[in-house]
Each structure stands twice: as C-alpha cells, then as structure tokens.
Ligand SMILES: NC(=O)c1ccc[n+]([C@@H]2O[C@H](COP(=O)([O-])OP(=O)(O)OC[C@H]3O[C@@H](n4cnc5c(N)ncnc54)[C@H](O)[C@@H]3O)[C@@H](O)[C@H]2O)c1
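The form predicted alone is given below as one chain in structure tokens.
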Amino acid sequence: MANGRVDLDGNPIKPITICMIGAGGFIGSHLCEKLMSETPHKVLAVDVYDDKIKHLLEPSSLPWADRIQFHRINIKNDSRLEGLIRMADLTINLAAICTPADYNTRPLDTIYSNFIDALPVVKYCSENGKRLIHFSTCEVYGKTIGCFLPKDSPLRQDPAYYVLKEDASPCIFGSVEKQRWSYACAKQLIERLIYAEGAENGLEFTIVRPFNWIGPRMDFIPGIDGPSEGVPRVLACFSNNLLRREPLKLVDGGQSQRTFVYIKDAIEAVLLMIENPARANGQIFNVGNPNNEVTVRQLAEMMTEVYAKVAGESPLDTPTVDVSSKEFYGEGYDDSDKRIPDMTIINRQLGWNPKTSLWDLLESTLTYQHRTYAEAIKKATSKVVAS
C-alpha cells in the first residue's frame, strides 16, 4: 500500500472508516479488494453473505486483517445498522434487487428492496451528518427520446435523442402495467429523496448510475455459484448457456443496444469518488463505457467467439435462438432501445475514463467463469464417486 497518497487537488488523503452495505456482492467484493490492497481505509462490511469476500477475511494474518470487519446483517430489520453508520465517516449503499427477471415476478420485493429498505440508510446518514455514496442504476433513464421517433427518422442518429446526461435527460418509463419499470421507479424515487435531503438538510451525497459493470464474480451462474432457479442478467445468462453448451437466448431478436464497462475500471471511478469528496459531493455520475456499445445479438456473437478461445472448444452449431420477452420474462416486460452514457460530468469532476475494451473484459470474465464451472463440476463428480 502506497504512503503519502494525495487527492486530485494535491491534498493528503486521510484514512477513513467506510460502512459498506452490500459488501459481499459483485461490486462490493471488488471495491473491498481495492480498498484493502491500495488504501489505508477501514471497512465495516455489511451483508447477509460473505462468500465473495472470504478471501479478504481469512486468515487473520492477512496484512489488512485489522481494517475490515464483516457484520452479518439484513438491513430490513436489524437495529445495529444505525450504530455502524455512526461509527463510519462514509456509508456506501450497494444493497438492491437488480435482476430484470425479478422486476416482473417480484415487483413488491423489488420496490421494497430499492426504496423502502434504503430509507433508513438515507435517514441515518442525514441525521448523523455522515456522507453517503448511493448506488442507483442507468435504468432510471428508462426509454430514450429516440425510441419514440419513426424507425426511418434521421433524428434517431442524433446523439441528442439517445445519449443519456445526468443533468438533462428525461426519465421515461412504460405504463404502470409494465412492471419491468418497478425497479427503475424505486431507484429514481430514492435518488429524488437523497437529493431532497441534500437540499433541505445538508446531506453530503454522491449518486452512482452504473451502466452494465462486468467482470469476475458478477451475478451468478444458476446451480454453480447461485440458486438453481432464477434468471440472471444478460451476460450471466449467456455465460450459463455457453458453459452448458446451449444456444444463447436472444430476447425479441436481441436488437436492444447496451454498453459494458469492466468492473476494475468502474472501481477506479468509485475510489475517486471516495477520496475526492469536494469534487464528488452533490453529484450524480454515469459510470460506463460508451466505446463498448453493441446490440445484444452482437454481444452473443462476440461471447461465443471469446468462449471458444477461452475453453478451447468449437463454437456451437446453433449459437443463438430467438425467444419472446413474454416467454423469457413473463407478462409485464418492457425494455429500452439503447443506453449510451454521457461522460462529461465524471470526466470534468474526477478525470475518469474507462480503458478496457469489450473483448478484453469478456475474456477476463469468461476465463474466470469457465474455471469456476470446471471446478464445480470436478467437485460434484468427486462427491458422486465418494458416495
């Protein structure tokens, strides 16, 4: 760990204590790794599960052992949460239900998780004068203006109609019966509440809007590092199909466009937010990579190619199959056509730009998942033999 670290304005960075809610998840585990290996900060790691950060907690002889504590807490109903927030200088809230398949099938859980359960966190930070970094989502933008234009309109190519800006773009959702937007609405409402707490009560906050952060330990592979039932997000769905040598399912033809950013690039951005409060407070930041834009169909094709290289296997004879959104997600599903982040604000405030190409981040992710899958199969086989 480097000594004499300074912020973007040349000021010494003082060690702080961070209460990280959702520390055991995909983003939390990578952020904890970064904080332990490169900074002097302490982390109060709050989560229900610690599987993804066990390597940071054990053994007790690790060089950062005295700087990270795990607290097994469900924030829905545990009175210890306020005490941990009081002990910390900064709270980072990563806790959420954020899997599209749940938005239709579990809309109440989705709304409670992303709004109701976040209310005490905001309240405790505001009442105790603690800084908050809250993780929202690019879903708050909903649909682009461009998607309402005629398909042959030249305006569809104008960035003003589809590039998403934190301080200017409208948030456009589908009708109420399209329960896919339950997540986005809950996330937008908690953003507005946090912003209001800042305006009325002086809460120091930063809101993060991730645009498809990808890398090792993301989501879950059903039956391997997650539940056997359930549908993870698109990249993990495709990974699951590739690992099992099944065709990749393209919802409604895979025409939606998305951008993807490597988790390690994104964590660099979060660390800049943590250590530069004067530049980050009161800001909403898009964190994505507009250079890594593809249609979902193009993503499937690229993943098929990358996985063949990683696994040393021949590509599938039938790499993809089209399915309807109703068949895949159920009634009430709706989608946005494309989500391209404008990077002006984060570049101006923090000087951050993503570096990793889509091919490289897919190779890193699929290498990890192929290895994890192979280890799981080996372990399952040895149990069968032993029995």
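Bear in mind the structure is a predicted one, so any value in this text is a computation, not a measurement. Start at 1 with the first residue shown and count on from there.
The following text describes the form predicted in complex with the named molecule, which does not appear among the structures shown.
Open site. The named molecule, superposed from its pose in the predicted complex, has no atom within 2.4 Å of any backbone or C-beta atom of the chain shown. Three-residue candidate spot 242, 306 and 367; no residue lies within 4.5 angstroms of the named molecule in the predicted complex by any non-hydrogen atom. Judged by heavy atoms within 4.5 Å of the named molecule in the predicted complex, the contact stretch among the candidates 207-215, 149-157, 192-200, 83-91 is 207-215. In the predicted complex, the named molecule lies within 4.5 Å of some heavy atom of residue 74. In the predicted complex, no heavy atom of residue 126 sits within 4.5 Å of the named molecule. The named molecule in the predicted complex is approached by residue 233, whose closest heavy atom lies within 4.5 angstroms of it. Not displayed here, the named molecule is kept clear of residue 359 by more than 4.5 Å at the level of heavy atoms in the predicted complex. Out of the listed residues 286, 144, 136, 104, 136 is the one that sits within 4.5 Å of the named molecule in the predicted complex by at least one heavy atom. Site annotation in the predicted complex: the residue of 269, 185, 96, 280 reaching within 4.5 Å of the named molecule with a heavy atom is 96. Residues 22, 24, 25, 26, 27 of 12-27 are found to place at least one heavy atom within 4.5 Å of the named molecule in the predicted complex.
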